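To begin, one chain is listed below as structure tokens, in the form predicted alone.
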């Protein structure tokens, strides 16, 4: 595809403008979880809509009504945009979000989180730089660079950019369901750029994410907190019961001890097993990200498999327990333990919940306690996995090779990205996760950044992907 060369050249020539565009976006503190920032989230959505219009796209700011449970707030609008409407071209649906996590300088940031600041290593620091303002603007940059280079965008684009991703994506699932056969009906495939490379040097394509079943256990007994010197040894203590139950879920090596869970997990195929050895990742990378050598496994392949394709159970906390500094001899009257299971194919939500609840009831009965216990399902989201042999993925792989000169790693995320499953279920189309940022970007943390290289080369990648996917959807690779 020699016509990509002038496009790449134009991206290089426009990089100053593209960085300024990101600087303007980062300057808007679009924090969706804070009431007082809701006007800034709306402002960000309106600013982004203007960016789309400025490159010739059309966009509607779809209002979603009041926020459930916080009816004093209007939900931020979802941007439904289009670029191109040629019936002879394939149509790609793009998803991203324009809201960000909370951030304050006092949290430990080295710079003002809402001022994009670049250091001498080309790291651009700022809240939302990598999650997800940089990748969203990458699409707009790609359109502009095509226009300036005189290269036609080879596909039609449909855009779905939301402002509540960092706060539960309220209202989005309903919108996707409503528009599946209307605004989104022409989409041939879906591309999402809202995740990260596994390392720092080699791009990846992500074809799956784990789900998350989140539970709580409430144990109560006494009518109020008690003094251990007065009542210790005379009463069944809720904390003791809870610790015994929670200690029965998982062993120190991460093995889930709930009977029947392992039987739900899809077996590892030879094709999938072959994906792990080439992945650019080392145990040193893992230890660096952990901040310590506390890894369970001593080799890369086993570590990655237990991050990507096997389930895990984690204990998250105990509500109602004494936790402040000092010594307090209290017996809590009621405690609530919280834990979750990261699920994988073929672990269906209800099947997992039935096994967990059965285990909890049996363990509590074994204690012969006079306390009361309640098991609760807090929330559940299903795993998602995609066909990585689909033309959507073979196109993205070719684009990575063209821009970066390497074959991409094929990865699955350990965390959850619920919108992938929603699009797949409602539209019935292949969903690709095509990341721009790297593993060291610290999304959600202090000093979030996006490397200039990833931003500029990533803009080239997004544009190149559009050309390759246009060809692959017509003439898939054999």
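Numbering follows the first chain given and starts at 1. Quick caveat: nothing in here was measured; it's all calculated off a predicted structure.
Form predicted in complex with a further copy of the same chain: not shown, discussed below.
Which residue, 389, 235, 361, 354, has a heavy atom that falls within 4.5 Å of a further copy of the same chain in the predicted bound form? Result of the distance check: 235.
Consider the chain as shown here, without its partner, and state which of 376, 174, 329, 147 has a heavy atom within 4.5 Å of a further copy of the same chain in the predicted bound form. By the 4.5 Å criterion, the partner-contacting residue is 329.
So if I measure heavy atom distances to a further copy of the same chain in the predicted bound form, which of the stretches 68-76, 271-279, 250-258, 389-397 falls within 4.5 Å? After filtering at 4.5 Å, what remains is 250-258.
Touches a further copy of the same chain in the predicted bound form: residue 96 (any heavy atom, 4.5 Å): Contact with a further copy of the same chain, no.
Spell out, yes or no, whether the shortest heavy atom distance between residue 322 and a further copy of the same chain in the predicted bound form is within 4.5 Å. Residue 322: yes, in contact with a further copy of the same chain in the predicted bound form.
Please determine whether residue 295 contacts a further copy of the same chain in the predicted bound form, using a 4.5 Å cut-off between heavy atoms. Judged by the heavy-atom cut-off of 4.5 Å, residue 295 is in contact with a further copy of the same chain in the predicted bound form.
Consider residue 241 of the chain shown here, and say whether it contacts a further copy of the same chain in the predicted bound form, taking contact as heavy atoms within 4.5 Å. Yes, residue 241 is a contact residue.
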